[in-house]
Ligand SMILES: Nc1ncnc2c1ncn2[C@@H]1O[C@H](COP(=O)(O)OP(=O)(O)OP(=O)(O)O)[C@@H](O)[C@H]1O
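Below, in structure tokens: the form predicted alone, a single chain.
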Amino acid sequence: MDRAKNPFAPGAGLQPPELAGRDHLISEATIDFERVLRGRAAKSMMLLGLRGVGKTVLLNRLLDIADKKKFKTAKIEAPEGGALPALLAPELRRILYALDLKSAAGNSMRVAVTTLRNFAAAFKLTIGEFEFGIEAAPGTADTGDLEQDLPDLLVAIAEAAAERKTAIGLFIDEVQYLSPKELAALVVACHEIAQKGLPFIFIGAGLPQIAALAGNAKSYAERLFSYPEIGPLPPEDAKQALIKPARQERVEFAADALGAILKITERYPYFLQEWGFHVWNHAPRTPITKRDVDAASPEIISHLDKNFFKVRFDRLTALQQKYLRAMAELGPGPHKTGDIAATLGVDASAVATVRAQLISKGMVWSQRHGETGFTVPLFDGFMKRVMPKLLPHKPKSRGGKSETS
């Protein structure tokens, strides 16, 4: 079939041709945006899910909706290691210019500019000069304590937006990579803004452990945000994610082909796009058959192994890889931490640090105390392919070299 007409779009954060199964969440968020613009209370939101469920796609769709509703928006992706002030300050400066600084700047606007300048100085950030002079005033967002200064800054900018009869939308992807102090500061800021009834909404996205991390940062976080869980698509929605784009190009999927793809991908949106894309390119004609799916699947799996899975695997130490291989030996999971250690031939305490490192890297997560699961769907199969044999872990003596180094 014509590859130039292939409608499927596999990739990180790429908008699929059919965003199936997310209509209710998008509708609820759109209502929240309308409420904020009307001065009504609305909860901020944390989108939770494993890799490949389409969190970034949803975040970008909600950002687009907010932009169309004339929100002043900022979007960043949190990196590992924490750099929230450096990433956020330039975006907030851009928002202040979007609020039309030169047009009869009122008191709230002047306070916001001063506060941003103080914040940048306190955290030694370079954000560029403003095109008109406003005297810096000490006492606001200038302590160097992020949990105190970030709320001051976001409140000031939200007050400037209120003065301009608009609203602020802050979008952060990969929230799990924020440091505990950064996450606490963000939660405090959202809390203070909500208490003041200012026109502001926060939409975050990340791995499932964010709910627990936010709750650990501040106990009231569980009441401050909604935490919609983004998972695999229901079977009918997964089928529509394949059928609708293909049908627009006058291509059909046979029923058994759809069944085969849904089984292999476990209905995860990213993998649906990968299979849709590669099976389309492999199939000689419509309808796409199960034979086409079976013929293309080994090449698709090889492609994922060399790209999607490998980039995560290569970031790990030898012992971290071995720990994940032990998890894979037990199946998709989640698994009891003690069972994983036993599979490695050690006590759980001997690999507790390794587990903590893997959680920090976003490779595993703990749904319940004492359980560990992969954050990347289908990763158990990859681990068995890349490490066919599981070798027991032999801890080094105190004088020996550690496998974690």
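Only a predicted model underlies this, so the values are computations on that prediction, with no experimental measurement involved. Residue indices: 1-based, along the sequence shown.
The form predicted together with the ligand exists for this protein as well; it is not shown, and the discussion that follows is about that form.
The candidate site formed by 16, 50 and 269 is fully in contact with the ligand in the model of the complex, as each residue has a non-hydrogen atom within 4.5 angstroms of it. Shown alone here, residue 233 lies within 4.5 Å of the ligand in the model of the complex, counting heavy atoms only. Taking the partner from the other structure, the ligand in the model of the complex has no heavy atom within 4.5 Å of any heavy atom of residue 391.
Contact check for residue 327: no non-hydrogen atom falls within 4.5 Å of the ligand in the model of the complex.
With a 4.5 Å cutoff on heavy atoms, residue 115 does not count as touching the ligand in the model of the complex; it lies far away.
Judged by heavy atoms within 4.5 Å of the ligand in the model of the complex, the contact stretch among the candidates 365-373, 53-61, 342-350, 34-42 is 53-61. When you look in the model of the complex, the only residue of 303, 218, 164, 312 with a non-hydrogen atom within 4.5 Å of the ligand is 312.
Comment: the ligand is not present in this chain, but in the model of the complex one of 157, 261, 201, 241 has a heavy atom within 4.5 Å of it, namely 241. Contact residues in stretch 147-176 (any heavy atom within 4.5 Å of the ligand, taken in the model of the complex) are limited to 174.
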